[in-house]
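Two versions of one and the same chain are coming, encoded as structure tokens; call them structure 1 and structure 2.
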Structure 1
Amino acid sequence: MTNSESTSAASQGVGQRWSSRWLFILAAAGSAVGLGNIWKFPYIAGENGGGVFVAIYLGCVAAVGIPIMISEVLLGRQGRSSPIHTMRSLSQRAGASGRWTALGWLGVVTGFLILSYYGVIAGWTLHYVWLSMSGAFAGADGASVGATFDAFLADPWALVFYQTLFMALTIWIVGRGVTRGIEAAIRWFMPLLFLLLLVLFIYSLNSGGFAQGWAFMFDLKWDAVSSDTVLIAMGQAFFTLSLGMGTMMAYGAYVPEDANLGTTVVSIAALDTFIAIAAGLVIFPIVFANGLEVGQGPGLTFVTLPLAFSQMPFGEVFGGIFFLLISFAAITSAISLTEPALSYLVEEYNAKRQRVALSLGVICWLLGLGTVFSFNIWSDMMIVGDLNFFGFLDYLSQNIMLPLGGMLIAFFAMWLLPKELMYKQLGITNPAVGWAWRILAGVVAPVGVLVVFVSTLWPVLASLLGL
């Protein structure tokens, strides 16, 4: 390859490498840290009793999340291409059925579905940056903050406007390529995200509700646990770690050869968990300090928090900082949601990254209109049971497609990929360590997911079959 050819291939993403192991950690953490950590985690923890949920969630991250993430990244680095091509070449190499390529396709489809609604919700956070900073909530009461949110959701044009803004930004960044687009965004957004979180953390420490917030997160009240708690915690672990759809495989394809995958993945999971916990420790104390309730569901971020900020000194500034923080977190995740499909199309058709990014963005945007309408004109149109379009996509992607993908990825990496390749990728030389690893990643993790998978699906199947 001549110099100019390799530069142009590099700008397309083909054959690219992260500039360093550290940048991969930041990029993967950027993918993992998103709406799942700052919007979803606190409200799910709030609805499920706090401490015990947090403990179970941490257990899921350690026992299932980390082994599956290692499996995904190692397949990516071994295949060195998009998830679809990686699964195709590795299944050939393993002498396994070519049907495993479908796992790559499953990831592409899941990414589309998630990004379509992710772009809509992330758009809300952009709107709330503006609302908070412009002082729209200053001195407002609970009813008017609630009414502002309801009025926003009822207006499809407003939702589409912010969805479009967010999607355009995402597509512009990914179209620029791995180094000039993704890395450049990560280099800015991740340090800023940490800084904003730190500022808010200090604010929350002084809010007067910190002890109560801390106790809510870490006191183990076992009576709040039900079998559902485990399912929800596991689904959350998948979503928040960006597992099961080939994102980590796609990012893994660019990991330098000499990076130690075990320590790298543990750092990513630790960063993601740290940020979810920190978000809880920012949100709960502020909510408690204002005598509000934490179990408010999805409205925790968009109603309860703006209300809390409206009652605090400098609430506009800190409210604005908070929503800016979620927007940054959301964009680095949205970027990663496009990578499995984008890398495939670029490789397969030798197409221009910008052009592919634009087409993918337009399709996702169109699909996202279904989510926009789910909050207004289609809110009562149910697709299955009591799930409207958005509810259905959310359920299907998080509870079915991600666990299914994650389980199959771990199974393939552990039992079908030649053992030497896996050991080489992980730098395992001691057979005892190899066995311990295979039991954890090849048995505990997939079986754990299977149990969750079946118990999530069974009631749905049973009701559909009339059992």
Structure 2
Amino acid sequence: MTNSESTSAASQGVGQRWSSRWLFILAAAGSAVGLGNIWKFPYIAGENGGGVFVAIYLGCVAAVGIPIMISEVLLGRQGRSSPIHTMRSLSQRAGASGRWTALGWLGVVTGFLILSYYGVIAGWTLHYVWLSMSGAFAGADGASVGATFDAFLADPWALVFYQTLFMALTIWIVGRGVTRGIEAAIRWFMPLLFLLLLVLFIYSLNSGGFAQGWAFMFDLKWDAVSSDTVLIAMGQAFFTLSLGMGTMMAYGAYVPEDANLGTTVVSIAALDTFIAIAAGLVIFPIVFANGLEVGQGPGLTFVTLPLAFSQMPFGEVFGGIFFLLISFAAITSAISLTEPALSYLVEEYNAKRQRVALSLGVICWLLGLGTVFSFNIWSDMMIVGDLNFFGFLDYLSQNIMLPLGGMLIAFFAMWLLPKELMYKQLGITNPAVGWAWRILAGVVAPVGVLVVFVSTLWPVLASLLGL
């Protein structure tokens, strides 16, 4: 199939649409809401100035996150196909180099790599739903909870079992299509996520540590603000919205024509931020009420919180609810990570969606075994420097591929796509507003990501160069 034939086929290939603007908002918010919201944002907010950091973060979301997300969704809705075919057809319409198709490939590959290890870590949450509800942590102390987690990571068979369970659920959902699969899952998972969050919030409110948790996240701690605070806030604003991996471009292809992109994307960002803050107000009061140390990452989620729940009345019930909550958050993210590659293969080869989903799932599962083994039998095998297989994939995708994709998406949408198409998609009629938007989305936002990109890579480059 030639490029022109492929592009023509692709343009006809995406016939599905979100049933409503709000379902797209819930799906995109589900993509953005993941493990990072729960185990990272609340902690870095508390450690980097509390309320000051939150204010800086919201400013970065407005100046960096939202403009790039609008750009990505805009390209998806204009292209009406997978990220690869969208970039191929739009670069032709813009009279730009065909090399811009590589931007679509970059997003697809990035999402696929992230899904390969995300599926492994998300599988842990399914295991901890069972452990919590079965009372495995009842009366446990810190040493035994930590030992349970270490033993779980050391057992490759256990990790593979839960990885397989999580990936099978993800592939089954996406294989059913946009309406019967993704939308149906979102209709259940997102309301349940909000309900579980509300239940845990009420539980946290009565834990005895709510005032401390609130103070940790929202007190104005000016002494904790440094030159790195803005960089941290800007990086979090970019990464939390699932930008640069083709997800929003793929989901954007299904957005109805009458949906206002600006208000829609602002709603997604607001929902994502709300859930991140609410998660902090659930987690830290429980931690403080039990006199435990705050932290972030797997240690907080799989050691500190199980210990906290074990010391509280009805802890096994609420601990199970908590891990069910993050399982739902993880599955909505995983669904979106699958879509860019899946939509491309369905369009390119006119293949059945279920068959492609299964094939992708198997390949992703096999790649995920490298992450499984990184926690046990391959833990000492380094790929680059002190990065094992999992560390290398995580660093490559999060610190190089995602920001690179985000910068290029904003540049293409603002400066290469014919402005008439861009203005039509955004409903812009005032030339002054159009230029202001192009400066924000085409200069300020990508430069912000570039600063984070360079600041993240510089220590590594300096070490390699002996500087």
Ligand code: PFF
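Worth saying up front: this structure is predicted, and the values here are computed from it rather than measured. Rigid core: the largest C-alpha set superposing within 1.5 Å between the two forms. For numbering, take structure 1's sequence and count from 1.
Shown first, as structure 1, is the form predicted in complex with 4-fluoro-L-phenylalanine (PFF). After superposing the rigid core, the C-alpha of V225 moves by 2 Å or more between structures 1 and 2.
After superposing the rigid core, the Cα of G146 is displaced by less than 2 Å between structures 1 and 2. Residue displacement note: L342 has its CA displaced by under 2 Å between structures 1 and 2 (rigid core superposed). Core-superposed comparison between structures 1 and 2: Y43 shows a Cα shift of 4.9 Å.
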